[in-house]
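Coming up is one lone chain in structure tokens, specifically the form predicted alone.
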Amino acid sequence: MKRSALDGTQQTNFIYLLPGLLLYAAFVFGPIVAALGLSLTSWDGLSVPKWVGLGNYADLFSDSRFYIALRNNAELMIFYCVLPLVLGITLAACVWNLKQREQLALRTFLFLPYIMPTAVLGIIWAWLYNPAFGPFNQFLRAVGLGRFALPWLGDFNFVLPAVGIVATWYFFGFCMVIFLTGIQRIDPSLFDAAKVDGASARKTFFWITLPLLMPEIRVVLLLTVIASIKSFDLIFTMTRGGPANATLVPNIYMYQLGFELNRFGAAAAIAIVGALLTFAINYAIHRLVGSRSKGVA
């Protein structure tokens, strides 16, 4: 029988894995270790780094702007995670009953925003929100609702939802496609049995579709939570964290500290805290939603 190239000794197999391991170490572990080391120093990018231990972390957790950034990030999770999930799963349940051609057309149309760079979307939506010539305000004035025309990206109360709506629009089509794939995985006989028993569409959704979509819900939550924590380009191109820190998030603050104030040690500390936050939230999602997924599997 012909032997596979991987049916060798452990030493031989390790040689095959070595190039991949070296690349992974160089481009993943290396930057993580470098950021961790940099976060323990005070460095302006030119002079020799000065060891400060946990000083950057102590400064960070006594910095009110950092807490504002965390609070904004938490509020944006509603737009990055909750609304796309609810809209996606609702649309998937509706679209699933359409004919294949209509379903394909609608799925493609709603998924289109997800294939575009978020930086480009930020520039386009900033133009749409423009208070002078933006289409939104122009439409409101045209239909006699000019009093509702606002400087959307300059208003302290509306700027965060205005940016968040763009994130919701970007993600809900992606979530819908994931949930449609999940519904196709469910045994059709369950839906047939519910129909024979006279179950309404609402009861079928809440008692069959939703519980059996827990694995997909977990995936969507993981991806959107990670996207919300590392959000940068969309907010940077629309508001740069303004006005008056109303849309400041940790990654924007990290950029300001590192590339505008040359405080690279403090910026690296924000990166490390953001990474730990991502791991903690993802672990919580695995524990909460993952156990339910196993329960319905």
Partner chain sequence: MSRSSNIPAAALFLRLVLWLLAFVTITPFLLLLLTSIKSKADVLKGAFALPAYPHFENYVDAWNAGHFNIYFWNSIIVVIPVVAVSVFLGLLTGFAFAYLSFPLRRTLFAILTLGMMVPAEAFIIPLYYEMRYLGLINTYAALIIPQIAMSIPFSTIFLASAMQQLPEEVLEAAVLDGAGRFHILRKIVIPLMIPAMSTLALFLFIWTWNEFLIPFILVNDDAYRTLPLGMLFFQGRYTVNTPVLTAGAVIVIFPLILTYLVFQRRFIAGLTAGATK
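Predicted model only: the values in this text are computed from it and were never measured. Each form is matched to the other, and the largest set of C-alpha atoms that superpose within 1.5 Å is called the rigid core. Residue numbers count along the first chain shown, from 1.
Heads up, the form predicted in complex with the partner chain isn't pictured, but that's what we're talking about next.
Contact between Leu248 and the partner chain in the predicted bound form is not found at the 4.5 Å heavy atom cutoff. At the 4.5 Å threshold, heavy atoms of Pro113 reach the partner chain in the predicted bound form.
The partner chain is not drawn, but in the predicted bound form it has no heavy atom within 4.5 Å of Phe205. Contact annotation for Asp192: none of its heavy atoms lies within 4.5 Å of the partner chain in the predicted bound form.
Put simply, of Leu261, Ala34, Ala244, Ala58 only one has a heavy atom within 4.5 Å of the partner chain in the predicted bound form, and it is Ala34. Only one of Ala74, Leu98, Leu145, Val86 lies close to the partner chain in the predicted bound form, with a heavy atom inside 4.5 Å, and it is Leu98. Relative to the partner chain in the predicted bound form, residues Leu17, Val219 and Phe232 are all within 4.5 Å by at least one heavy atom. Residues from 112-135 that approach the partner chain in the predicted bound form with a non-hydrogen atom closer than or equal to 4.5 Å are Leu112, Pro113, Tyr114, Ile115, Met116, Pro117, Ala119, Val120, Leu121, Ile123, Ile124, Trp125, Ala126, Trp127, Leu128, Phe133, Pro135, in the order they occur in the chain. Phe14: CA moves 2 Å or more between this form and the one not shown after rigid-core fitting. A movement of the C-alpha atom of Leu23 reaching 2 angstroms or beyond is seen between this form and the one not shown when the two forms are aligned on their rigid core.
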